[in-house]
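One chain comes next, on its own, written as structure tokens: the form predicted on its own.
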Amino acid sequence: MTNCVFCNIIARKIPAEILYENDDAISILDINPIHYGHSLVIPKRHCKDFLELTPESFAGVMAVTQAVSSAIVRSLNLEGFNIFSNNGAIAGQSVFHFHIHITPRYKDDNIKFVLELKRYNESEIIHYANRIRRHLAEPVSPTMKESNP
């Protein structure tokens, strides 16, 4: 895809600090890091989001994610790190080529995931479980809607 920044990095048309790659994925330093060492793992085959990632690419992406995570932990002497992916604009995705973030974490780094956790009542948990199970029986579809049910 010619207008995709990640496709252009993979094609070496745009410079990046490449950390590692295999046949399926490449890892680069994020140019706008949460912490220094914040890295991205990007499948070489263009896919918009996690739902479009092929099973074949998934294995290679995860192998690179694990190798780079290990190197980041050892090189920066970390006690922890986050791995995450934003899928869809509503979830914070800004580059629509699937990628995984690896973010170093430090004690008292003031990064907070502020959540208001919910509790299911007995009928709600059954309702949502049945709703999801019904769709697991269907063929996988890479369609994602931009609204809440």
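The structure presented is a predicted model; accordingly, all values stated were derived computationally and were not measured. One-based numbering along the sequence shown.
Only in words, not in the display: the form predicted in complex with a small molecule, which the text now covers.
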Answer among 49-57, 62-70, 111-119, 97-105 for heavy atoms within 4.5 Å of the small molecule in the predicted complex: the stretch 97-105
Contact of Gly80 with the small molecule in the predicted complex (heavy atom, 4.5 Å): no
Contact label in the predicted complex: Ile9 to the small molecule, heavy atom within 4.5 Å: yes
At 4.5 Å between heavy atoms, is Val5 in contact with the small molecule in the predicted complex? yes
So, in the predicted complex, is Ile31 in contact with the small molecule at a 4.5 angstroms heavy atom limit? yes
